[in-house]
Structure formats: C-alpha cells, structure tokens
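Shown here is one chain on its own, the form predicted alone, set out as structure tokens.
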Amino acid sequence: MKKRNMCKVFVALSLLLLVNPNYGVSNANADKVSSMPKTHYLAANADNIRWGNIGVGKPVLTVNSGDIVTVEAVTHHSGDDYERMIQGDEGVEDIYHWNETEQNVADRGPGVHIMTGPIAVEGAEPGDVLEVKILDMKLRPNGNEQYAGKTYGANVASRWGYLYGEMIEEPIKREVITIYEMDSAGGTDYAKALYSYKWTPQTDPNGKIHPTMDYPGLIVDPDTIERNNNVLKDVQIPVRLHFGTMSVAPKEADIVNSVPPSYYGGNIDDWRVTEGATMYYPVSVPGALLSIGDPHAGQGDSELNGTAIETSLTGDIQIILHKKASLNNKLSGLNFPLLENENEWVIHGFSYANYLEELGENAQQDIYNKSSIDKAMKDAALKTKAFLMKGMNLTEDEAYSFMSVSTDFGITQVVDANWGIHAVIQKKVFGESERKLVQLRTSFEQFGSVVEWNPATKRVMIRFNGNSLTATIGEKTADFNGERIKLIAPIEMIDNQAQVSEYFVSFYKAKLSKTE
C-alpha cells in the first residue's frame, strides 16, 4: 500500500511539473551553468578566407570548446552572374576584387573552393575528435538592390561532370551554367531556374583567355554569352541548404587541395551536412584548424553534372572538442568523417580512405585519375562494419547481416576526384540505446532554462539566455525568437509527459545558448 501511494505521489508530481510553468523554476535557475559558450562572428572577406586550400595555416579565429561561431560562407561560383551574386555585397566584392593592377586573393589553389577560416580550437591535439553542430543555416541575400529579397546560385554542367563528353546534342563537349533564384528569407522552400548559358571563352584581367572553366572565380562577361530563358519551366527544386566542404586540416601536407575529400572531411558534398546535423572529424594537427565553405542550396546524391546549386549562406555552428582519453566507443579511433542527426548515423567512404598517404608524393594530382565507385563502396562497407562492431557492440556476423538488410548505401558524389559512398544507419532499429527519450522539462531546466506549458494549446515555451523556443506537441515546426523554424523532431507526449530525445536536448541547448 505504501509503495502504491508513493507511486501516486510521483505521478501527480510529474504531471504538476509538466503543466505548472512556475513550479521548481527557482531551483532550476540556481543550477544554471556558470560559464556560457562565447559567440563569435566570422565574416567572409579577403582576410578571412583561403581559396582552394584546406591545409595547415594561420588561424583567423581561435575558439574554446563549446563556443558558437556564426560563419559566412561564399561560393566560388559567384562570378557566373556578377550582377546577382557579387555586385553590392561588400564582402564578396572584396574576395573577388581583381583588375589589371591588383588581385585581392591571388593565391587560388590548388583547389577551387572559397574556405572561411581556418578556425583553431584551444587544446585540440592529434587523436582528439572535433564535433561540429550545425545550429542554423540561412541564404545570404544578394547585395544588388535591383534584386532585393532574392538569393541566387549557379549549377554548372562542367568538364569534371560525370557525363562530360558523352552528350548527344552538339557540341558534345560543353559546359552549361544554370542560374537559380531563391527567396532570401526562406519564405519558399524551393529554387527556380532563371536562365542558362553555355560557357564561352573568358578573358581574365591579366589578359589570359580561358576556353573552359579552368580557373576558380572567373567573372563571366554577360556580353559574351547567350541566355536561354526557357529552362526548367514550372519545376521547383527543393532547397536543402548544406556545407559542401567542411574540414579539419590533415597532417600529411601543409597545402591541401580542397576538391578531393578524405578522412579529415573536406569536399564530401553530402546534402545531409545541414541544419540539425552534427559532424565528427578526427583531429590530426594541433588546433584542429577547421575550414568551412562550398555552400550549397540544393543537391542530389552523386552531384552528377559537376556541382550543386552553388550559393552563399551564413551558418551558426557549435564547436566541441572531445579529448582522446575520454572518447566513447563510436568516436575512439575515428578515422573518417561521421555524421549524426536526430534519426541517423551516416558513415562516409571514399575511393581512397587517405589518398594523401596511399598515393604518395603526387597524390593531389594522381587522385583525379584513380577514382572508383567499387573502391569507395568497399571502403564504406568496411568502415560501416567496424562502426557497427565497435560502436553498436555487434559481432562481425551480426554487423554483416545488418548492413545487408537495413543499411542504405548511396553514392555521395562522383565528381570530386576521390569519389564517395555513404552508409545510412537508422537509429530507431536499435531502440532506446540510440534514441533515448527524456522528459523535456527536467532536461531543459537542469541547465537553467525556464519551461512553460499551456495545456489548452499544448504549447511548450523554453526560454534561456534571452532566446525562446515555442513548439506545439506533435508538430514539425516551431517558433524560435519569433521566427518559424523546422524542428529536428516533434515533441512527443508519452505517459502525460512531454518527451524528446537526448540529441534534441543537446541541439536546442546549443541553439538557445547563442548570444546575439
């Protein structure tokens, strides 16, 4: 009888905590963490970027573990439409400035991408793992008042595209640029093709003629092209903002081509590297040296014709350092870029797991002629098997069976020299061990949040550090500081308690911690 009464008291107390916004708040505030992460702003300009190099370099910003960085990322294809993607934008104009007498960023190579950074992390050492949470992503509005409220991006059917030279219409070998238009504020979730044109020889400010798109950041002279304004009519391309390239610096070379991806991340070109996702990278140099760029607005698996919708955007990221001595089974010995989100683990494999080491002195040139989907599939399969055995405690036979019956392998990209295959593992198949649900109120109040509940509307408000998240039970969208956002998962009502996953708590704790 005594146990039954205690149980009733516990249930009543749980319901009171859910529906009474004031109960226990003072105690929660007393436990508020003493040190808040610092928020940094890293603008994209000629001083804060490197063009085509993700190797070791002088950091433009140094952060502590847990800090949040608002980082601007600019596309290396802005020159495909100067009016819409460069003109009037001070930062982009600074990066692209090039005339007969000066070139603000003259060192363009060995790769092509404009990389913001590098960002050094205090205390990062080889053997550690760097966690990067992507808290927010927004399109960068163009700077030209003539096109106010719009953001533009370029897709290039390029000479490095998978089917280059195998077209059936003349000319067989051609590079075609398609310019896409989007709503900068995100009022629509699709991109529409505006026009396309075939690449024509372009003359750079030094007088050199470029018959093909063979030098990054060339600005196309609009008088030399013929626009096709009748392209992909009535077709709406889903906008999936993501970083095509995010990388820590590798140890094998100081200057590293931004094009081929590898164990350190780089140009993975996986559209899943988006808001709500977390990337884990093995650290191999002091400070980790994180670089971010190659922003995309839309891409399918394979990135078949050469590029995604290459655009410019701004993202909020949280950087967390995991020291080697404290790594869990999933991160211990990590030797590839690992992605996690609310529902999945994603393993990335490549034609060469570490091409810089495997291909020797001329690796950065030879990799372009040695890519193979077969080799990438084998690499992804071996990594997935090892991840399941070590991280999920499966036997080798269990892991091998699981991979065949439940893991989705897909082609990440076939255009970035070191081709990619990804493996998607659904957390739900492992039950609570991989997606543990916790009580929302308790989880958020323990770090100092104020949680309010309106039983009539079934709405929960979480306030912390001057930020607020308001969501309705079961809905996929919410309000964050008055702005409509897509939740990484709906809040669930189970046994009269609002419940979310531990990942949900970790993600929105970080998002609520940002200081404007």
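One rule holds for the numbers: they count along the sequence shown, beginning at 1. A quick note: this is a predicted structure, and the numbers were derived from the prediction, not measured.
The same protein also exists as the form predicted together with another copy of the chain; that form is not shown, yet it is the one meant from here on.
- Judged by heavy atoms within 4.5 Å of another copy of the chain in the predicted bound form, the contact stretch among the candidates 213 to 221, 99 to 107, 421 to 429, 354 to 362 is 421 to 429.
- Using a 4.5 Å cut-off to another copy of the chain in the predicted bound form, each of 157, 308 and 389 places a heavy atom inside that distance.
- For the chain shown alone, residue 186 is not a contact residue for another copy of the chain in the predicted bound form, no non-hydrogen atom being within 4.5 angstroms.
- Though the partner is left out of this view, residue 327 does not reach within 4.5 Å of another copy of the chain in the predicted bound form, counting heavy atoms only.
- Within 4.5 Å of some heavy atom of another copy of the chain in the predicted bound form lies at least one heavy atom of residue 238.
- Within this chain, residue 367 is remote from the site of another copy of the chain in the predicted bound form, having no heavy atom within 4.5 Å.
- When another copy of the chain is considered in the predicted bound form, only one residue from 137, 334, 381, 120 comes within 4.5 Å through any heavy atom, namely 381.
- This chain is drawn without another copy of the chain; in the predicted bound form, the residue among 84, 133, 385, 322 with a heavy atom within 4.5 Å of it is 385.
- In sequence order, 157, 161, 162, 163, 164, 166, 167, 168, 169, 174, 176, 178, 180 are the residues of 156 to 192 having a heavy atom within 4.5 Å of another copy of the chain in the predicted bound form; the partner itself is omitted from this view.
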